[in-house]
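Just the one chain here, the form predicted alone, laid out as structure tokens.
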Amino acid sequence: MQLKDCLQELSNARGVSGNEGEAQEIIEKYLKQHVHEVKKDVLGNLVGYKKGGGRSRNKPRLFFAAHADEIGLMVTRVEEEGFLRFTTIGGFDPRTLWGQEVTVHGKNRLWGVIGPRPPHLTTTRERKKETRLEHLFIDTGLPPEEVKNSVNTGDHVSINRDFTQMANRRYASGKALDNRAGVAALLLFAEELARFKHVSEVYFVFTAQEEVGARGALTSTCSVEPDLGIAVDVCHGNMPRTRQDETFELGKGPVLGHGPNIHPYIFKRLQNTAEENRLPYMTEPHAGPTPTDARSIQITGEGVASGLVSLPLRYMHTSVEVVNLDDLEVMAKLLSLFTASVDKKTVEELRCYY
């Protein structure tokens, strides 16, 4: 798998929460080469299953989840003049929406732009006010009747942005790298795992609707009933005017989460695996539930021992998110080594760790 090409396909794909089909089709194309079975469920999750080796029964069931959805918009009203008013699906800062190109997913896909009033037509007082969604609209350039025939309230809208490699070719920028970068790392992990012997039954899960409440992780964990589950996601990368304790340097490896949402034994095993194999990593404390699929994995059924491995990412929830490809490769290697180390005894130790 060419990591850059895979990530480019994933980033450019459309997959707003609740409408992840296009992104999941690309994921399935890569995933089915490395697993024994692939299936979809009614919520839109994509699950790949890889058998464990050996003859023993009751093999450990490992669950690795990366969410496939991206933040987007939804049409709330079609104005008489044909302009579209909208709300957000997931967390947007309205300031990042000015001047964006978008695709409206109506009866047909319509290209449009988000246009605010220019400064020439606003007062000094208005320009000092906070940007709000009600100040913004989508313009498709089509006659009002054509817009009304093509677009309904509730239609999804995705942001347009082409993936690109940066001046430093190990850095890449694009939309939806939260969490298509995590998806790419999980696909690379699935490919690399073929080089390792493992006794565990491994489930690669690409979840739906994480950005609107980690819903796909809840239902898919319930379906698989794993012994342990690890969420693969992104965290904040270093950038100007941010605190060092809130961000992580790109190119220094993945970030291991720890705190109440994370089983301490899984955190320790991941940490030991990285150190024993001289893999770079960082750690991030979470005082409560994490804003990832890990929070749903942990509290499914009778409870699942959960972990969190994240990729540093700059400019989260914008169309110019930035990641470092080296971090994805290290994450895939770490997860492969971790999986190879898990056996029946590991599961027993999870239950008596506290």
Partner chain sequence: MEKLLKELTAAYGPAGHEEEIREVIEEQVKDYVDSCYTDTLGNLIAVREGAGPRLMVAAHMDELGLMVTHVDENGFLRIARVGGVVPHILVGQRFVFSNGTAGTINHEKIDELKELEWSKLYLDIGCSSREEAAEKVNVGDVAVYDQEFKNLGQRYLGKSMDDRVGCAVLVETIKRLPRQLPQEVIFVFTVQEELGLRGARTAGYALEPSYAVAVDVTRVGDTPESLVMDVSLGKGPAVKIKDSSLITHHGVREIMFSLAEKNGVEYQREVLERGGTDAGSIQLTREGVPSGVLSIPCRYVHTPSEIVDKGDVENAVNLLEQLCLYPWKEV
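Numbering follows the first chain given and starts at 1. Computed from a predicted model, the values in this text were never measured in an experiment.
There is another form of this protein, the form predicted in complex with the partner chain, and it is not shown here; the text below is about that form.
- Between the partner chain and the residues Arg269, His198, His236, Arg215, the one pair within 4.5 Å by heavy atoms in the predicted complex involves Arg215.
- Between the partner chain and the residues Ile89, Leu97, Ala274, Val147, the one pair within 4.5 Å by heavy atoms in the predicted complex involves Ile89.
- Taking the partner from elsewhere, every residue among Arg85, Asn152 and Gln209 has a non-hydrogen atom within 4.5 angstroms of the partner chain in the predicted complex.
- Annotated contact segment (heavy atom within 4.5 Å of the partner chain in the predicted complex): 71 to 79, selected among 71 to 79, 179 to 187, 113 to 121, 198 to 206.
- By the criterion of a heavy atom within 4.5 Å, Ser11 is excluded from the residues contacting the partner chain in the predicted complex.
- Taking the partner from elsewhere, Val320 is found to have every heavy atom lying beyond 4.5 Å of the partner chain in the predicted complex.
- Contact annotation for Ser223: at least one heavy atom lies within 4.5 Å of the partner chain in the predicted complex.
- Taking non-hydrogen atoms only, Thr219 approaches the partner chain to within 4.5 angstroms in the predicted complex.
- Contacts to the partner chain in the predicted complex (heavy atom within 4.5 Å) from stretch 11 to 30: Ser17, Gly18, Asn19.
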